[in-house]
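Just the one chain here, laid out as structure tokens, in the form predicted on its own.
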């Protein structure tokens, strides 16, 4: 066997163990008994210790030194292994295990504090998480920018300076569009009875329409919808609201976008470093284009209206144009995950600025709630009414995902680029969507993006799929055109 063969055999075992660790996280969010939280923290720490030891094995350095890339797949695998090896060796094993243990327990403490509307109960735990991630960021940055070092975990190669420019380009046009829309009459809301079992049944149908393979996946309920796994075991979760079936249906479609990316990576890449999504920004591009550009399009809304009336009976709307406006309703709200396309990125910008301040030490954890509430009032024009609608609404900081939030907006920007390229290649797309036929659109995304996994770096993946350099312009142009038509601007 060659050095490359030995290296890849080691990498495959490491990837397999990482999938097992991920399954522990899925279990914790879906079916784990509440009383098991502390034990699960110890289990997660033990798994992280094993993974960290494998990722820092000195033999990896020797194999990398001797291995030769015979093709682009081998070159990509070596790139990913080298990046992970260098990163892991910068973080002490004890710190990696402690982060895994603390964040596993912190998630349960956050969930209880959120349910109790008690920020003070969560702050000591958050203080510990922030301190650990600051320590990790300093180890990774080695004198450089701590936030950039953490961001690189989720979007390799991205820099905060680039994100500042992206948000600077997005904000003025989004704020202007929001102001114009909120001056218009609000769309007619749905009315009726939306049984939970019926919502879940329709969400399963929609998952199939968007290409989710149930032979290699499943759908369960969770407080915060998510996707977990890769290859032949990719699981999604959703949630229900008896007054709002859109919450369940569109959460499911969103997570199916993530799941489709993982299910559709080339089978030969299974359990290799490139056998997964290349970054969270590219991952989010798939979930957002499934949910928004495709599933919230007026064309698809016409088909969905028929299915919802079949399932729920009278929903208070029978006109496709009125239903499309309801699907794309722009209104004041607190919750990022429930925000409309126009305001979603404004929610992300706020979190990005706050977490950068936390990581730099410019914002003390004890001052987070006040800083959040002040910034929210300034950005959205009304006050936060309770912590679960404010700084306790997102799970991310409790599990140490500092640097993750901006990848949501980066994903929206990438989705805007992909949507422009998709429509250029498929001029009859709306006719397909109006029939509930997603096969052409999802096949295009599978071929252009998903099958490649991490073969290319994030921006190169989008550039190759679209045929042009990614920018904010396609997303902004799409939003302005779509909502001008829906709201008669």
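Rigid core (definition): largest C-alpha set, two forms, superposition within 1.5 Å. Residue numbers count along the first chain shown, from 1. Quick caveat: nothing in here was measured; it's all calculated off a predicted structure.
The same protein also has a form predicted in complex with a further copy of the same chain, omitted here; what follows describes it.
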(request) Using heavy atoms only and a 4.5 Å cut-off, determine which of 443, 36, 69, 64 is in contact with a further copy of the same chain in the predicted complex. (result) 36
(request) Work out which of 390, 231, 245, 156 lies within 4.5 Å of a further copy of the same chain in the predicted complex, going by heavy atoms. (result) 231
(message) When a further copy of the same chain is placed as it is in the predicted complex, are 174, 433 and 485 each within 4.5 Å of it, taking any non-hydrogen atom of the residue?
(response) no
(message) Although the partner isn't part of this model, could you tell me whether residue 235 comes within 4.5 Å of a further copy of the same chain in the predicted complex, counting any heavy atom of the residue?
(response) yes
(message) Under a 4.5 Å heavy atom criterion, is residue 47 part of the interface with a further copy of the same chain in the predicted complex?
(response) yes
(request) Decide whether residue 452 counts as a contact residue for a further copy of the same chain in the predicted complex under a heavy atom distance cut-off of 4.5 Å. (result) no
(message) So, residue 382 and a further copy of the same chain: in the predicted complex, are they within 4.5 Å at any heavy atom pair?
(response) no
(request) Determine which one of 286-294, 76-84, 333-341, 210-218 lies within 4.5 Å of a further copy of the same chain in the predicted complex, judging by heavy atom distances; exactly one does. (result) 210-218
(request) May I ask you to list the residues of 12-29 that have any heavy atom within 4.5 angstroms of a further copy of the same chain in the predicted complex, in sequence order? (result) 12, 13, 16, 17, 19, 20, 23, 24, 26, 27
(message) Tell me whether residue 32 is among the residues that move between this form and the one not shown (Cα shift of 2 angstroms or more, core superposed).
(response) yes
